[in-house]
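As a starting point, one isolated chain is supplied in structure tokens, in the form predicted alone.
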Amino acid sequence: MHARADTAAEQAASWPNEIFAVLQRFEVRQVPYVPDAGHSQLIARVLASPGMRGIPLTTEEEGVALLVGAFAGGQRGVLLMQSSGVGNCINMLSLTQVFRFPFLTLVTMRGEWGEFNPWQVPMGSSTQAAFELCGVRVLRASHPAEVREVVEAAAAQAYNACTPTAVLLSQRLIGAKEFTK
């Protein structure tokens, strides 16, 4: 019984490393991000990597423009953000249709599984629809065992077929945040 529990705990802790491995395999060099607890392990790996450049943003839409620039300069990138920031990107996401560049974003979800903050619910429940209305394909990972496969499929779509793609990393996967006083 402990072996199964250990395996589940190991999977839960290792999915950010699996994402990092996929990004390395697809030769991602630029990783713009808005600081986020859900992406913290992945961001730390990116910042420690000599082959990737982590770029902190003040707002998420800057990341869309940065990925256009990375593509124009011959590099691949991935935008890391939280679902609450997707609404900030609506106008900039038109660039994915105009320039047909390989857009990939990994989005940690809020406003769903066990959310305590009512302000997170509206965008959390609208994230997928907002992306789809902007022409971005959406894939979702809700369990640690599926993260690598979902991110690999998304990266292949984005980088090989130039299909703008978002991966929603569910709140169930990243864990619900708790309100603390």
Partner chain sequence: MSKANLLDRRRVVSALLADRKEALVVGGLGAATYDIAAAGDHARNLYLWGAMGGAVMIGLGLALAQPQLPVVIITGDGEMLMGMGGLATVGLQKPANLSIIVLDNECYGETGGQMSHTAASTDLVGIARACGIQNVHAISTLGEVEAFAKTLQDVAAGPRFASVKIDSANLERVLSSRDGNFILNRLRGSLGLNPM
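Positions refer to the first chain, counted from 1. Remember, it's a predicted structure, so these values are computed and weren't measured experimentally.
One more form of this protein should be noted, the form predicted together with its partner chain, which is absent from this view; the next part is about it.
> Which listed residue (43, 150, 52, 70) meets the criterion of a heavy atom within 4.5 Å of its partner chain in the predicted complex?
The residue in contact is 70.
> So, residue 56 and its partner chain: in the predicted complex, are they within 4.5 Å at any heavy atom pair?
Looking in the predicted complex, residue contacts with its partner chain include residue 56, since a heavy atom lies within 4.5 Å.
> Residue-level question: is residue 65 within 4.5 Å of its partner chain in the predicted complex, judged on heavy atoms?
Within the cut-off, so yes.
> Whether residue 30 contacts its partner chain in the predicted complex should be assessed with a 4.5 Å heavy atom distance threshold; does it?
Heavy-atom contact with its partner chain at 4.5 Å: present for residue 30.
> Just checking whether residue 21 would be counted as a contact of its partner chain in the predicted complex - the rule being heavy atoms within 4.5 angstroms.
No, residue 21 sits far enough from its partner chain in the predicted complex that none of its heavy atoms falls within 4.5 Å.
> Kindly confirm or deny that 119, 125 and 167 each have some heavy atom within 4.5 angstroms of its partner chain in the predicted complex.
Checking in the predicted complex: none of 119, 125 and 167 is within 4.5 Å of its partner chain.
> For the stretch 83-104, which residues lie within 4.5 Å of its partner chain in the predicted complex by non-hydrogen atom distance?
91, 92, 95, 98, 99, 100, 101 sit within 4.5 Å of the partner.
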